[in-house]
Each structure stands twice: as C-alpha cells, then as structure tokens.
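For reference, the chain that follows is the form predicted alone, supplied as structure tokens.
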Amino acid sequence: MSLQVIDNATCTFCGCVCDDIQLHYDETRIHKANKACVLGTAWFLNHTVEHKYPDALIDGKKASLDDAIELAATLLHEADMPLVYGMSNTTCEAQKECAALADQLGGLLDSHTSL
C-alpha cells in the first residue's frame, strides 16, 4: 500500500490551530499524523471516507435530517435556558452562528475550554 503525504495540514480540533501537521493517507483514511498532539492524532486517525453513522438520531434511533432539525428547533424553543456548547471543531463562521443562536434563544454559550 502506497501512502500519499500532505505537508503543513492544519488541525482545528482544540483551537490551537497547529498548521505544521504531516498527514499520511490512502484512498480510505489517514494512517499517520506526524507532529500532531495526542488529541489531534486521535482526531485525524478517526476520519474516514466511510459513512459509519446515520445523518441523524432521535432517541438513539435513525431519523431523517428534517425530523431531527424539527425536533431540535422544538426543544430549543421550549427550553428555559438552552446551552450552546462545544464548537472546538468548527469554523469561525459557524461559531458566529452559534453565538447568534444562543443570543436569540436567551441561552448560554460555552466552549470546551471552560473545563
């Protein structure tokens, strides 16, 4: 098996945005992530082109994306103080939308770094 290499890949997992990662990959998955920390390595090595999981789950069962969005909107609308949490693996644009959502819902915004 011959692996291809990407130099200077950027890892967006924890927010440090390390940009000197060397990835060794084939047609299916990443096999090695040189210069990545333990978190980044785990993140890269768990990426695959295989579709392992359904697009949406409701109560642990496969659901359509439309049904999941409708349920999420209902739950957020009915919540007293919803928490918008995480975002360590999202773009700046997505984080901006999360902040707007928390503001519109009268909820809380938090990131994994508060731990």
Partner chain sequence: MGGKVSCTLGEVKQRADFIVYWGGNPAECHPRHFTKYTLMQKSKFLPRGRKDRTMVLVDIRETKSAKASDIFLQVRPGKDFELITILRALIKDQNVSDEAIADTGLTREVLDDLVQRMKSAKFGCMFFGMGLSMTRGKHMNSAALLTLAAEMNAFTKFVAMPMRGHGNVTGADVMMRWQTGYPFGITFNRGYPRYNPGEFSTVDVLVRGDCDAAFIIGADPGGTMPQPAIDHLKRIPTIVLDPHVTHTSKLARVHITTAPQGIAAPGTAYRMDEVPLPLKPPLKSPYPTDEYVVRRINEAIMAKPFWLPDGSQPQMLTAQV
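In this text, rigid core is short for the largest set of C-alphas that superpose within 1.5 Å between two forms. Just so it is clear, the structure is predicted and the values come from calculations on it, not from any experiment. Positions refer to the first chain, counted from 1.
A second form of this protein, the form predicted together with the partner chain, is not displayed here; the remarks below concern that form.
The closest heavy atom approach of residue 3 to the partner chain in the predicted complex falls outside 4.5 Å.
The partner is not shown here, but in the predicted complex the stretch 11 to 25 reaches within 4.5 angstroms of the partner chain through a heavy atom at 12, 13, 14, 15, 16, 17, 18, 19, 20, 21, 23, 25.
In the core-superposed comparison between the shown form and the other one, residue 103 has its Cα shifted by less than 2 Å.
Once the rigid core is used as the reference frame, the Cα position of residue 27 differs between the shown form and the other one by 2 Å or more. A decrease of at least 3 Å in the separation of the C-alpha atoms of residue 65 and residue 27 is found in the predicted complex, compared with the displayed form.
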